[in-house]
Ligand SMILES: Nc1nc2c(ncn2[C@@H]2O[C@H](COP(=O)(O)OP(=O)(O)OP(=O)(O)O)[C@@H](O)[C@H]2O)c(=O)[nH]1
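Coming up is one lone chain in structure tokens, specifically the form predicted on its own.
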């Protein structure tokens, strides 16, 4: 018995502390290995989807958005994965044939069925937002507007998505959601950086939205929108000018030149050699100009081009009112606007027009931009047609006007100067997603941007790795130390041998 007791005392494995340390060490090492394997195991990413239809004045476009399903309201970035331009004009053009408005959407909706995984169809929200074209139709004929929406809703409900309704966006919403889109895609909201202003130009309206340190919303509350996004508060100035989209602005400019009902006009905003017969009733078929139609006008007039940038700009200025202002400062038409601040992103028609004219590079001095535009407008019409054989004549004829209008709107209307103009960036897409109001609209309706900053883990990733490594090393050392009683015995055995 004494011999057995002596052997147990000499055997270090019978020490309780040694056994506990050894077991803990082995378990810790196994756990660390297991965590490492599980942490680096590739996981199948699941996604959610959203669809937004932008029913503009000149056309309708469909956008499909995708985001990680596990990060709905946290850090998952929403990205545009597909867009589809609906064939034909905007839905407001179908006032007399509303069923065709719904039918026009079918092809793009079928594309959406193919793009969104079938198992996600029933949970994918589908929105349709109509802008200035439908605003004008609603002003002119609310019954026709309602019929168009009814036809559109019936058509969209036939598809297997979670249809959330169709409605008209206010100008303020359109401007604000465009601002959200631009700053969300640039990660400015999440990181609390200086925000980018948004300049949007459509066919029937134009929007300007930006944050100004000099604006608290008190002077013109109607132009103020307050957001709290990712824990940061934003007091946004935004205004939408109905009838000042490029298409309606062209109508107003032509109306200025046809006040007396002439049979022929020489238009400096169109190239010399351009000649088209146009219908008075078509020109004045819009609430923006309908009240100005001359009483004794003939059925048609001949629209001739003269190609003079300076004269074109003078005619364009007449559609703005720069004199009336009841506030401390205004843009035009008596609308308050604070001092411009920060960089701006100009998208939609701003980009497409200036890109065609090769004027998207705002590092070019403003005076040089004017000179280039002046030379373009002075180019004879036949030469312009030869240089751009693939462009539709209707669009090609209007680029001189559109470019001059954009420059006039920015400098005379919004008060951009040779110093602030270079801060404008003409953009089509940001990180693969189209700039515009649609993404901001969907983010707002699905609460994809948290009002407060998301909870963060108690330790950063590098700290977590450091602590795990330190514990692993410590446990390994304890394991080695626990074997220390065996060291003298092993050395004695070696000496005996």
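The shown structure was predicted, so the numbers you read here are calculated from the model rather than taken from an experiment. Residue numbers count along the first chain shown, from 1.
Absent from the display: the form predicted together with the ligand. The rest refers to it.
- Item | Contact test, all of 131, 349 and 399, partner the ligand in the predicted complex, heavy atom 4.5 Å | Yes.
- Task: Could you tell me which stretch in 290-298, 191-199, 242-250, 260-268 has residues with non-hydrogen atoms within 4.5 Å of the ligand in the predicted complex?
- Result: Flagged stretch: 242-250.
- Query: Does residue 58 reach the ligand in the predicted complex, with heavy atoms at most 4.5 Å apart?
  - Reply: Yes, residue 58 is a contact residue.
- Query: Using 4.5 Å between non-hydrogen atoms, is residue 395 touching the ligand in the predicted complex?
  - Reply: Yes, residue 395 sits close enough to the ligand in the predicted complex that at least one of its heavy atoms falls within 4.5 Å.
- Message: Given that the ligand is not shown alongside this chain, does residue 182 nevertheless sit within 4.5 Å of it in the predicted complex, heavy atom to heavy atom?
- Response: Taking the distances in the predicted complex, the answer for residue 182 is no, it never comes within 4.5 Å of the ligand.
- Task: Give a yes or no for residue 205: in the predicted complex, does one of its heavy atoms lie within 4.5 Å of a heavy atom belonging to the ligand?
- Result: Contact check for residue 205: yes, within 4.5 Å of the ligand in the predicted complex.
- One residue of 85, 106, 388, 318 in contact with the ligand, assessed in the predicted complex (non-hydrogen atom, 4.5 angstroms): Exactly one listed residue reaches within 4.5 Å, namely 85.
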